[in-house]
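Here's a solo chain for you in structure tokens, the form predicted alone.
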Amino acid sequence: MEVEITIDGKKIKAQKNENLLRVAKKNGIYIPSLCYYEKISPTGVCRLCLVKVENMRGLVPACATFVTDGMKVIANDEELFELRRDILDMLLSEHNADCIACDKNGSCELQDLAYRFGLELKNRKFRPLWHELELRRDESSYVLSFDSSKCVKCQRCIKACYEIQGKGVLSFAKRGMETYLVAGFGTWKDSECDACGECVQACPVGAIVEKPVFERVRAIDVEKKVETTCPYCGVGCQIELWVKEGKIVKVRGLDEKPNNGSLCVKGRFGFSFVHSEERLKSPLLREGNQFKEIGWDEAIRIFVERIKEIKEKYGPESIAVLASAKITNEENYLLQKFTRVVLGTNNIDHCARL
């Protein structure tokens, strides 16, 4: 059911019970937020998206408010700006603002907000408190690093783990300023985390980051981003490769079908093979105990000749074909058709794991 609401004097059409913050974003009206993440349920903990709604008592978080017909909203005025600025100032006081050496430098949502609200060090009211809290680091994961001094307790990682991946590995321990993120009942390595990296993608700051595959790299150092398809299986997950000096340094899941940003551990972290010196780049022909590189035309010719010889001498049942999870479903279909119709055998199997 379509309803009409007003935000900052602008009349807007929206669906009844649609999320107010999402409606504002879709219509080009800026409301700051940090804990809001479209893929998870509203949390409402950062309080940066507070707005004024006619006939509603006090200020309400836009991310946890749903539109109704005739709703009148003030999303931006001087009072809201100052309130949001003070809330952001408090968040920054508990945050290790070591932006220069942070991997997230250049793609940090907190950094962007601080810039937008003019909260460089000289303009802050609240003194830094983060160094007075117990620092907790967890480097036990094979692919992830956690630094509690940069965590803003937004819960995006916790909800992404539970609501998107269905794992529920992450949670908070302790309360108040001592609150910190924990995996399972102890370290990341000993938890049930399967290293999908959904928490890395959801984290708005540098609290959870990938461990470097080649070297540490900041977001601002990335020279280009390439959209492509993950090569690991036939699902066709869409990915974004972050490239520096001709090398892939990070992988992000694209918010496109079929994966909608999610990736498995291989798709997100298993890209070092691209630049491996041991990677095969051309067919190899065995000559005695040695291999020599040959071209594809020669390789196909030799393959055809040998398959014909084997089939004529030993029959089609002497041949077996092993398909791959790294090619598409369509290619696997063609391979089984080739095996059964051309080679004349049903000896075909598929390796589902790599």
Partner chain sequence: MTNSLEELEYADCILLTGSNTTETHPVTATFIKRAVLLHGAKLIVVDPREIELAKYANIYLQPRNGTDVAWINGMMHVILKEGLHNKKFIEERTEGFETIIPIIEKFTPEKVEEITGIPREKLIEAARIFATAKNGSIVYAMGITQHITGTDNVLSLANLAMITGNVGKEFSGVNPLRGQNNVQGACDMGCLPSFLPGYARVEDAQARKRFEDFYGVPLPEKAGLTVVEMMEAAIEGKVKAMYVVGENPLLTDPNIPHVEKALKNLEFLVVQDMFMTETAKCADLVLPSASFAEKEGTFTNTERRVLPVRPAFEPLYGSKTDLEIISLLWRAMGGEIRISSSKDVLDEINRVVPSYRGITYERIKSGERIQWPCPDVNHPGTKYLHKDVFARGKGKFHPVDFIPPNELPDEEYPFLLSTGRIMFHYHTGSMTRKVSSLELFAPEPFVEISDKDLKRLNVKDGEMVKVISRRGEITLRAKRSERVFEGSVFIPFHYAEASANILTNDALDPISKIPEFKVAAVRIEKI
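As the structure is a prediction and not an experimental result, all values here were calculated from the model. Positions refer to the first chain, counted from 1.
Only in words, not in the display: the form predicted together with its partner chain, which the text now covers.
- Only one segment in the set 87 to 95, 104 to 112, 73 to 81, 269 to 277 has any non-hydrogen atom within 4.5 angstroms of its partner chain in the predicted bound form, and it is 269 to 277.
- For a residue to qualify, one of its non-hydrogen atoms must sit within 4.5 Å of its partner chain in the predicted bound form; none of V53, V67 and S145 qualifies.
- Residue contact with its partner chain in the predicted bound form: N123 places no heavy atom within 4.5 Å of it.
- Taking the partner from the other structure, its partner chain in the predicted bound form has no heavy atom within 4.5 Å of any heavy atom of S171.
- At the 4.5 Å threshold, heavy atoms of C230 reach its partner chain in the predicted bound form.
- Contact annotation for A202: none of its heavy atoms lies within 4.5 Å of its partner chain in the predicted bound form.
- When its partner chain is considered in the predicted bound form, only one residue from R175, H131, K281, R127 comes within 4.5 Å through any heavy atom, namely K281.
- Checked against its partner chain in the predicted bound form, the residues L59, V45, I29, A323 give one hit for a heavy atom within 4.5 Å, which is A323.
- Taking a 4.5 Å heavy atom cutoff to its partner chain in the predicted bound form, the contacting residues in 152 to 173 are Y162, E163, I164, Q165, G166, K167.
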